[in-house]
Every structure is written in C-alpha cells, then in structure tokens.
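What follows is one chain in structure tokens, specifically the form predicted alone.
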C-alpha cells in the first residue's frame, strides 16, 4: 500500500506556497497494492476535473495518483478522488439487467430487457408521438454518451422532454452566462487563482466542494502577496474561517447583498467607464436599480452588517484583479439567475474579465455537467445553439441529415421539473433515468415516489447500483462506471480530459454509450436517406462527430483528438486553427457572443422568467457587447412563521458526492461521515433545550425527518441538513433532507429551490433513535465538524 497522506484526516494536505507562474507539483497517491500498470483518466467526483491515473493490477483497480502534468490539479487529489474508486469493486454492483414481473424485479437477458424497452417505445410513439417519452439523465456521463443520447432524442424520437440532474446543480450557471454574455462558457481559468489579488466566493463552500481548488487558494494565501478573500455564506464554514470578510446573509437574500455591494462600488466611483462604454449595455439601469440598496437597508433585509458590507465593497472596488465564483448558495436560492447575473455585473462594471487574474466561475456541481449543456442532453441544443434561431436548427438538420421539423424547436425545451410534472399528469408514459437518483435528490420526495409508482409510467433506470430510484423501475440496466469505459469530459475551466478504459465492467454491465447505441439500432432510427441516424460505433468516432457539431461554435473542439488528449494535460476549448493548444481565457477582446446570429438565447425577464422573442431581441441586439441586467429583490415564497419558525438550508459534505451511490461504498468515506444530522445555532439550541447529539424531529409542510443535532457554526434562525443521505443503507429512519424541501424553481434557469424552506424542530421521542444519536456523537470527528 502506498499513501502519500491520510486525506480523511488531512483533507487539503501540505501547503506549497506560491504566487504567479509555476504552481508547484505535488503528487497525491493512494494504492492498496502495487499496480502492474497505470491508465490515464480524470476524477469524476466534483466539478474540478483533476487529472489522475488509475492503478490496475490483475484486471482490478487498486488505486489512483494525481497527474503532475495536468493544469487542473498539478498532481493533487482530494479525499473523494483518493477513495471514491473503491466503489468500482463494490460487491453489490448490478451485473445483469432486471425486468419487473409480477411486481418483482428479476434477472433477464440484455435481449429481453432491450426488446421490452423498444416495444414500449414504439407503442408510445405510435399512440402519442415522441412526446410520450422523457429522458432524465446525469452530470456524470461522457461527451460521447451525451451527444449520442441528444441525437437519439432530438433527431430520432423528436422529443423535447430531455434534461439532466444538472437542472438541480448547474442550470443557473448556464442561464447566467447566457444572460450576460450571450452563450454558455466559463470566462475564467484556474490559472486566475495564481495571479489574482482578490477572490470572491458567493454561496460556494469551496473548501468542502472543490477541495483541490481550495488547496490552490490555500497555497496562494500562504505565499507572497496573498489575495484578499471575501466569502458570502450563511454558515461559518472552513472556507468562511479563512475570509478577510465573511458576509452571512439569511437564506433568500443574495440579491439585496449583491445590489448593496454594486451600489457602494458605483457610489465610490470605482467603475471602469471606458470598459463599460465600449463593451456593455445597461449600466444606467443597473445604477438606478441598486441606488436604493443602502448598507442599512441591506442589513435590515439580509442580516449582513453594514460595516462588513462596506469593507467588502471597498476591497471589491479597489482590487486590480478579481476572481469570483458562485455555486449552490446562489443557484438553489430565490431568484437564482438574477443573483448570479449580479456577479457578472460586478466584473463588467470593473472591466475585470478576460485577462489574467480576472475571471468568473459560475461553477458546475458535477464533473461532466458542462457536457450535458454543450451536447444538448439537458434540453438545450448541441453546440450552444439557439432553439429559436432557424439557421441553428438548419445547421443541425444538415449535420444529422434529417428534416428540420423533427428537431424539437417549436417551444422552449422541457426542463426537469416539468418532465416530472408531465409524468405525474400522465402525458409522459416512459421515463428513462440514467446515472442519477431522483428518489433522493429531487425536492418533496413523497411526491417523487408517488410518480415513480404510477402504473401508467414505464420507468427505466440505468445505473451501477440498486438505488432508491431503481427499486421503482420496470427495467434496470446495469451500467459501467468510470474506469470501465472510454470517453471525454470537460471541467469548469473548459478543460477537456480523456478517461481511458482501465478495467472491464463487472458481469454483464455495459457502458452507457453501448446501451444508447444498441437502443438506436433496435429502434431503427434513420436519416433522410435511410442510413443509420447514429453513424458512429465507437467512443472515438462519437467524439469526432461531436467535433463537427461544435465547429465554429464558442465551444469549438475541432483542434482536439483522442491522441492529442492522451499523454499530457487536459486542453481548454476553444481548440481550433486559431487556438491549436486551447485558450486560457475567452472574451479577451471585450467581444461577447451576444450578436443575434451567435446568441444561445433571446433572453428572459429576470423576475418573471418570460422568454423574449427573436423580434424582441432584434430591437436590443448589442452586437457583441455584454448585457448588464439589474434585478429587484423578491422575498422567498415560504418564510418562517409562528408555526414553522426556522429557515432550512441544505448542502454537501466534503466526504460525499450526490446521494452517496459511490462514496457511500468506500469504507473510509462512509466511516468519515456515516449519517446525516441537523446543524443548529447555539442560541436556537438553548431556546429549544437541545443538546449535542439529541435526536431531533425536523418538520416542514411537506414531510419530516429525524436527525441527531450538531450545535454551532450557523446563524441564529437557520438550520442545515446535508442532502446526501437516503435509505439504501438505512431504511428504518426518515432522514433524506428532500423530504422537507419545496417544489419551486427559479423563473429563468428552472433550478429548484433547495436553500430555503420553513421548518420547526422538536425533540424526538425517547427510544432507539436516541441511541443512534449517542453513537453518532461518539464517532463524529473534528474534520467532519469543521467542514460543515
């Protein structure tokens, strides 16, 4: 066994202080046996996308090590990266297809399972066209999987009902980028951390969520001329503890705080008028909107002190370079897109974008969610094309050699929450769920379970494990995991990695790509000339097809190949004739993708979500200038009251990813955070007579859970529950955070609101649950407490 550090206890490792060029390499490794060979890959357990090698011995994965040549991590890996691979070897992997017979799932052949799916598909299409079929996919597949699925859905079946669980974590990132810059695509690069003078983390507990990026920030903070750090989060997280200024707003009040900051910066004259005039439209409207947000008014609404707000505004207004990030504290809260856009506005009015040290990360939550969006597996069209632009539709029709009318573009694509509503109402008869676990991750779980149980809904689940969702399926398809298939994916900084197949999948499990390809062939999807619609048979051929789809678009991959991605670092798009080695930054010349011919969307009203038409857009076409769009504050629709007197917010833990389908099967990660809990402030705990470890019933208007109490580290009036925990390893106790959350979503991005709900707390009745609380209290260690 070789282990360079115990990343469970030492999450971020030794400091390697630096500034500017040449971020020091530090190779993190953990293997349980000496590998007989290594296979190039990248980590898929957060959105950082760290380059790593998979260690293989006798056909089994025995460990991983970081890739020192990779620009994303320079060899570093976090605890999930170093331990998560253990799930591949888990004894409870699905190894054979299952079909439901007489109410029970029983083993079947691939032929039987796929024939059943095809039979159901054809029956539904004959009766109600492709509109009777929906796909709910993931942010963890590969480009080759997503693009194949997108072509099947859009040009084979002709259904607009395709979205991913990325709707829950990154839909707002895409929406905010489209609103400000015309198309999706992150302006920032990890290299900006090396050079920046100030880092602004908004609703983003990066120390827990992207541990390797946090290592890089810690190394800058330990080096010469460290950047200022401003953190906006209602909890005192490990990230917040390092901040020069910690802004702690109440749930649902991001817009007042951001508007207050913008107002102070404008009032102080800390704006770049030359940049604003040359490269933006809308500044005067922003100035007028934010003028009402004095520090005192911000404090009254958000609870953030006027003194701290002034301190933060002074830093943000004077810094010569600025790197900002946003994540679920923005995206899963009230008026998510409107709030995320204010971060873009901050950079635009200061002219701090498209140059070293000045970037924006509208962060992704999952490793390949960027590709769900790029490839069109989330309802958008591939290559950041605009469903309202006929020329964009014609481009795809020509590429795929199909009639333009089969490509759904008569209305906005169906977002995930709508797909589930249509299934609930009965208009969607078949729902194909791949690589995700909605029976734990969607809001208001009692409703989701009822939908999955509907007799008139044919449910397909494609996964590696028997999840809480799979138990409701009519057909379960065993899928290969990372390391068991080849493909590519793109991280938050537009860096594309290749992950080569290292080992065979267990039993009869198959790669997602092979499953989609098999379905297309059995369905007989053809182009206009009667040739197969899907013209590729291998992942590499699929990548080549995707490159052609991306040609000339902002996410241009045409300069890449499997060979070019193998052996060195990942490569940032655009990668083409102009940028043969990729581009560190985009928008370096202040020209954005907002011209009507380029834009991915014609825009929305930020408050109501009403979509603008092509005619509307022609009247305001900024022809390459960025949009500065202000936003008024709208209070959350559910707030604490006399009966439900506390705010609930939910989030992640450093040791787990999603619903723990993988991290829960790595013993060390499981043991580090074995169960859920409710975090309560000292003041609220004292008022309610709650002690550390007491079992607490947390109830909202939609359900209740019972959790052991953790006291401290959170604002008075707010409680926190991690969202990872479901029932596969503990079916006895109601504990999934989403039993409590509300079925609402952002008007523009359609991302659900997980960050606020009104709840009440009471002590659970004495009994076995109290023994659970006492036991958990004994195993809880300091790192776990620190990171929340």
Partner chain sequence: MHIGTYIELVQKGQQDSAEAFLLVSAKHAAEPDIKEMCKLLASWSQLLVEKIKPFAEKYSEEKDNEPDRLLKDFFEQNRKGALALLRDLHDLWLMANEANVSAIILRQAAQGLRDKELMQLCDELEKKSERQISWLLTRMKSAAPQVLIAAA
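Residue numbers count along the first chain shown, from 1. Here the structure is a predicted model, which is why all the values come from computation and not from measurement.
Below, we refer to the form predicted together with the partner chain, which is not included among the displayed structures.
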Residue stretch of 571-579, 378-386, 394-402, 630-638 approaching the partner chain in the predicted bound form, non-hydrogen atom distance within 4.5 Å: 630-638
Proximity of residue 56 to the partner chain in the predicted bound form, heavy atoms at 4.5 Å: no
Close approach of residue 744 to the partner chain in the predicted bound form, 4.5 Å, heavy atom: yes
The partner chain contact in the predicted bound form: residue 520, any heavy atom under 4.5 Å: no
Interface membership of residue 497, the partner chain in the predicted bound form, 4.5 Å heavy atom rule: no
Contact residue in the predicted bound form, chosen from 715, 421, 625, 191 - any heavy atom within 4.5 Å of the partner chain: 421
The unique member of 265, 243, 131, 457 whose heavy atoms fall within 4.5 Å of the partner chain in the predicted bound form: 131
Neighbours of the partner chain in the predicted bound form among 424-451 [non-hydrogen atom within 4.5 angstroms]: 425, 427, 428
